[in-house]
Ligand code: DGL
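Given next, in structure tokens, is a single chain: the form predicted on its own.
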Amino acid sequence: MNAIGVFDSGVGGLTVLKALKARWPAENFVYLADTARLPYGSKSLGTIHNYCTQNINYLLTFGLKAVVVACNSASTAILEKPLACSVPILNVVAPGARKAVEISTRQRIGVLGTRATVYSKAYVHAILRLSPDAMVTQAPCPLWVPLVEEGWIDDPITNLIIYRYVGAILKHQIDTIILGCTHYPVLRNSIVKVVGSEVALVDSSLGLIEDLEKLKICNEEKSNIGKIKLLCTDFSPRMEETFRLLLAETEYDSLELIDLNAEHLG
């Protein structure tokens, strides 16, 4: 298919896919949502690493130019134990940390993520390599992914839960927050209500686009529109509604239920 592969544990990576498609309209994308095993953030890094291996092996059957791991928990796992692959594998942790260091005015940076991402300290290590004097404060937000997957984007319950989690890091006088899960940018408006406009919110999409631009492998044509193929390992009508909600005006060509345990995958 000659495409860029993108995968996440669920629908959160659609925020990354949407940003990549906006930058490269003519590029083809294959997106895999591993919804049958959602969420990754509560799993061990070893289990997540095994999921990554399966996901990437499946995506490679589409003739990819690169794989984007649009999941912070999965990115953390492959940073701990890199995967050998015939095409470049890009993660979202490194570009997210880089953009936070660039944007932060006082190098007081907060990280909101899943338990797997926070406990690994992947962002802490990445930030301190770039800015050794930075102060980094983390908080796990395990309920946010289910809220996004359920489509509760602007709901009073969601707002209360956001306030409960974010309050834990605001007392450290941070000026920048990394949204350390690709589901979290969907909740940006509600997060801003809690932190205020003076705190910068960073997701990894901008830094990831910079990393892909350096590879010079994406289709830069302006006249054509590439295809988007969506794959998921579990499906419900509600899930399709959430896909459409998060992609908004970004059209996709197909949505297919797949079995990662099929015999041909070994």
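Quick note: we count residues from 1 along the sequence shown, nothing fancier. Predicted, not measured: the structure shown is a model, and the values here were computed from it.
Note that the form predicted in complex with ligand DGL isn't included here; everything after this is about it.
Contact with ligand DGL, judged by heavy atoms within 4.5 Å in the predicted bound form, is confined among 51-59, 233-241, 208-216, 64-72 to 64-72. By the criterion of a heavy atom within 4.5 Å, A134 is excluded from the residues contacting ligand DGL in the predicted bound form. Taking the partner from elsewhere, Y40 is found to have a heavy atom lying within 4.5 Å of ligand DGL in the predicted bound form.
Proximity of N91 to ligand DGL in the predicted bound form falls outside the 4.5 Å heavy atom cutoff. Among residues of the shown chain, V145 is one whose heavy atoms approach ligand DGL to within 4.5 Å in the predicted bound form.
Contacts between 202-236 and ligand DGL, taken as any heavy atom within 4.5 Å in the predicted bound form, involve no residue at all.
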